[in-house]
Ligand SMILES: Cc1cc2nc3c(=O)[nH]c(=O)nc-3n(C[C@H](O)[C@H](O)[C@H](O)COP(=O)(O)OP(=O)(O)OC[C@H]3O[C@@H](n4cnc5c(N)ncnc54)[C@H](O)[C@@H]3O)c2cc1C
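Below, in structure tokens: the form predicted on its own, a single chain.
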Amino acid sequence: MSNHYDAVVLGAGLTGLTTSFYLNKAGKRILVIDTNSRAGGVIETQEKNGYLYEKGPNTGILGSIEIANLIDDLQPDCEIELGNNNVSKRFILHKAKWQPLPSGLKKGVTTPLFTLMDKFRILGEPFRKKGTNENETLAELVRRRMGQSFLDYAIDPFILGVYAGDPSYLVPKYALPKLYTLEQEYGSFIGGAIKKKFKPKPEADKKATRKIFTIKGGLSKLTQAIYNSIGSDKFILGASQISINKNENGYSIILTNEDGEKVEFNSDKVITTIPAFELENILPFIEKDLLNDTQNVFYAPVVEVAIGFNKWKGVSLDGFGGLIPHKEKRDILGVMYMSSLFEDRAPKGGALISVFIGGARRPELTKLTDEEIKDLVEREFKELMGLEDFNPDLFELSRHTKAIPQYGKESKERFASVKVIQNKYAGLYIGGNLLDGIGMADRVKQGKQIADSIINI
């Protein structure tokens, strides 16, 4: 193995793998380093007792041209599977009963989810002035434009499903930039959405359909296909004691490999895609005051449970799943009906459901023991999912203590500090979900952009 590389990538999650894939494809000499013993990061598919379940992200959204192109580039080793018609049937818990989430203006004014006053506010939304506070929270923005009940029963559960977050903390300019831009450019969510719908799209952008997808065989098939394409010889997995320092020729990287051997490499460029809280130890040459804002990230903890039933006897699972507003005061964030969305997720006639617990506002629940969490899920399933007995044939629990970064008002300083560091230290690229979004499409887009910026120098 050569000790000098064009680029060293830290982190073999989706961002790092994407960056590495395109650098490798362009003929760059690369090395990918990760502390985990496998590539893929939080994406991990498992099979057990006839169930195919995810321990990390359950689905992706074709929200960028980059993720659509990446999947195309990986064929035939990576075959996309779009969610079936059930993806459009989503439910919100309202006064302990599941209500369909309205999908249009007409249903929005007839649903029991919103108050009569807020239904009138929704009708008047296109005529309100746009906001002027760039640090306005999502809760403040929605109350201003749509009303409190719309916040409680539409936006709050949506944010729980995406960020496991708190609308009173998240700032749209950073957490939901497309929503923020919609108001700033068009003056209205409803009016802007209508105008954008009729605005011609470039041919390439039409591949970003925003459809829900997985990969046949599970999302790990995506990361494994990237890993295989790059080649195992270009990875050091299970690394520890990683340290990077600047030198006159670029960067030196020192680490301990899985065999306990200390090894050193040199590289012209270094790309980090690791979590923000790991940067200080790995990049000791950067001044602490510069790193402070970069590492200022609040992560929501989440416990994810995959539950399988060989024979389902509860409520009908003919939909995407259900989200539970914080106002309902329940102990789970929501449920996703995986076997109703995709093929071969459960034994024939069975059901696979993903359940989420904790989040930004209920972190204490993630500290419960496995048995306490099982008791909690049993109680909630009996009350909300129509089960008399709770005897699952699969119960697999995954803990994510730092699951999802929350983009609050501090994000402005974080984004700015990343730019300052990159400008000061040529050849250093800081990526990962500390900026540019948290979704799979965001991660692939960022990885491709980093690779392109290096390839096109």
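The first residue of the shown sequence is 1; numbering continues from there. Computed from a predicted model, the values in this text were never measured in an experiment.
FYI, the form predicted in complex with the named molecule isn't displayed, but the following is about it.
Proximity of residue 23 to the named molecule in the predicted complex falls outside the 4.5 Å heavy atom cutoff.
In the predicted complex, no heavy atom of residue 430 sits within 4.5 Å of the named molecule.
By the criterion of a heavy atom within 4.5 Å, residue 400 is counted among the residues contacting the named molecule in the predicted complex. Although the partner is absent from this view, residue 278 contacts the named molecule in the predicted complex, with a non-hydrogen atom inside 4.5 angstroms. If you check the named molecule in the predicted complex, you find a heavy atom from every one of 35, 41 and 59 within 4.5 Å.
Picking from 268-276, 169-177, 368-376, 78-86 the stretch near the named molecule in the predicted complex, with a 4.5 Å limit on heavy atoms, gives 268-276. Residue in contact with the named molecule in the predicted complex (any heavy atom within 4.5 Å), chosen from 282, 190, 208, 230: 282. Contacts with the named molecule in the predicted complex, taken as any heavy atom within 4.5 Å, map within 7-35 to 10, 11, 12, 13, 14, 15, 16, 33, 34, 35.
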